[in-house]
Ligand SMILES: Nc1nc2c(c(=O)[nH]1)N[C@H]1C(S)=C(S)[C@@H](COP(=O)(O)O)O[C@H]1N2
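A lone chain, given as structure tokens: the form predicted on its own.
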């Protein structure tokens, strides 16, 4: 594929995928996509746009959606929510690993570390992250929890009573990862989540 048309040189294209049998069939309203979009609106300082999907817990559908978002729509980042537990219908990690060219285990490790501060059942979570590479493009794909509160906690991290970051959220590492795979230069609102880059990788984004 060719690089996506961006409205700004640093616009990031983000795929959002909510995976739920019941929500995708209309049994109840999906809460994952609105929660993700609202959080991105608070966190991102640089331009962004999204492609959204609501699909069932079917491995072929999940893998196909991830491939389409990265390969066809040119998403630099894809965030999924749902389907990462131990139940038989929870197949998001397997479908994600099937389309990745590099596994990024640190994201899943950090999400479980954060969630264990709240619930002991965080050890049952199986979130993974991968990079999907094609000849002309690469995208980072991250599985997130299913609950909006848990999504926010894992993205932002934990703060102490003074508001200082005690355990970094996973999104702190996302902008630099996007840099390394050839994507746009993403900036964040530091009061929500402070993006970390080595000094040698920092720059002032184009106006």
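Numbering follows the first chain given and starts at 1. Not measured: the values here are computed from a predicted model.
Heads up, the form predicted together with this ligand isn't pictured, but that's what we're talking about next.
Exercise. Within 4.5 Å of this ligand in the predicted complex: all of 110, 179 and 197, by heavy atom?
Worked result: Checked in the predicted complex: no contact with this ligand for any of the three.
Exercise. Which residue, 61, 42, 147, 46, has a heavy atom that falls within 4.5 Å of this ligand in the predicted complex?
Worked result: Filtering the options by heavy-atom distance leaves 147.
Exercise. If we take heavy atoms and a 4.5 Å cut-off, which stretch out of 85-93, 131-139, 102-110, 69-77 is in contact with this ligand in the predicted complex?
Worked result: Careful reading of the contacts points to 85-93.
Problem set entry | Heavy atom of residue 122 within 4.5 Å of this ligand in the predicted complex | Close contact exists here: in the predicted complex, residue 122 approaches this ligand to within 4.5 Å, heavy atoms only.
Exercise. If you check in the predicted complex, is residue 153 within 4.5 Å of this ligand, heavy atoms only?
Worked result: Result yes; residue 153 sits at the interface with this ligand in the predicted complex.
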